[in-house]
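In structure tokens, the next block holds one chain alone, the form predicted on its own.
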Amino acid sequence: MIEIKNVSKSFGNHKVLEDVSFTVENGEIAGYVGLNGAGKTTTIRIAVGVLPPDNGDAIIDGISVTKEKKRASERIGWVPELPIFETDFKVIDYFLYIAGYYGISVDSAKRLAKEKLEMLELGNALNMKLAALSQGMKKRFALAVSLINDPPNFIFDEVLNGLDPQGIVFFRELALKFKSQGKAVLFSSHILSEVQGIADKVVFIHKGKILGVYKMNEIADIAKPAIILKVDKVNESLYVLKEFGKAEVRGESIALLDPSASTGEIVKALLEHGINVLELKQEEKGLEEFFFRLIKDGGN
């Protein structure tokens, strides 16, 4: 379990995080969503123990990161947005070097390296220098390193950036595998369609403050689909539709946002006013639209 408790952080006079709190349960995937500069990476760096908070704490499986950093860090697999390695190392040598911190013998570490690197499609890169790896390959290698001690929690910072479509599919499947194993997974991403396709819940942050934490089914309930209608009497339709939500003209159609009634009831009301519905379709709202509405309503 990953718990972020009342975390605040400033750099000079600039407050980056203000009283940030949320939890990722075991067997749960949480997306962390915000604009660039919102505070996602700072939160993650505090959670994994590489940056101290000004106030608050991160608790990993009941262990305080600020008080017992080593014990807490051993229970987290972390992939940063821009992995940085000693570039003169070969891939295999760096893997063995990190494995040594966990008390793994050289022979066992070599077997583990072959297994994890092949799983991440880096089997042919064992003897390459880290400097020669592409950004996407470096992310895969960072993921391989994070798997060395099979931790019960994983935190990924913009892990999808720099990955090709095959890499994105691999990460999605890996995150779901971790979930099935009862691990807690937190990942930040700007690719909101992928967050929507993987996450059980989403934590929204804006200007260092949490706007809300929503289960995906809650988002689906709140972000009701807009209804797009083509009618023969536009002005008369706007008058009728205002009883069912916000109606706006889009070219030759009318969009009814956040409808308060079923499509059947709406069509019936239009027909009762002598308005013919020529075409009707529903426009699903995505996570991006939901997020920007949150910002508009409460994010300043």
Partner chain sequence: MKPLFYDFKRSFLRPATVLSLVAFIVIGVGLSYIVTTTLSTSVRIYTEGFGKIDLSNGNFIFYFNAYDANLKPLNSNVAIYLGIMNTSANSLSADAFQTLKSWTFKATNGFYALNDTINESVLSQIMSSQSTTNAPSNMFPGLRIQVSSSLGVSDEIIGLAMKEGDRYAYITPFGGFSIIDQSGNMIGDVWAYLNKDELMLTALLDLPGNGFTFRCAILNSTLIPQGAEALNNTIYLGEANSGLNVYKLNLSDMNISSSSISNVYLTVEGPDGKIYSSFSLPIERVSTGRLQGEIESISTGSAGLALFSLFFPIVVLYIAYALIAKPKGMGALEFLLARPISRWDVYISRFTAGALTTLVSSAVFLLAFDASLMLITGYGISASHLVIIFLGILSSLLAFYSVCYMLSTVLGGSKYLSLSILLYLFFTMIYNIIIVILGTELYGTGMYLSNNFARLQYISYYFNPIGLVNFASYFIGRSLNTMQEISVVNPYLVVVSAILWIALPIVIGWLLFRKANLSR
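Positions refer to the first chain, counted from 1. This is a predicted model, so every value here is computed, not measured.
If you look for the form predicted together with the partner chain, you will not find it shown, but the lines that follow are about it.
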> Out of 30 to 38, 236 to 244, 44 to 52, 257 to 265, where are the residues with a heavy atom within 4.5 Å of the partner chain in the model of the complex?
Replying inline: 44 to 52
>> Is I104 near the partner chain? Define near as a heavy atom within 4.5 Å, in the model of the complex.
In response: yes
>> Test of understanding: in the model of the complex, would N161 fall inside 4.5 Å of the partner chain by heavy atoms?
In response: no
>> Considering non-hydrogen atoms and a 4.5 Å limit, does the partner chain approach A142 in the model of the complex?
In response: yes
> Is F85 a contact residue for the partner chain in the model of the complex, using a 4.5 Å heavy atom cut-off?
Replying inline: yes
>> Looking at Y94, F178, F171, Y214 here, can you tell me which has any non-hydrogen atom within 4.5 angstroms of the partner chain in the model of the complex?
In response: Y94
>> Quick check on this chain: which one of E74, D200, E115, E81 has a heavy atom within 4.5 Å of the partner chain in the model of the complex?
In response: E74
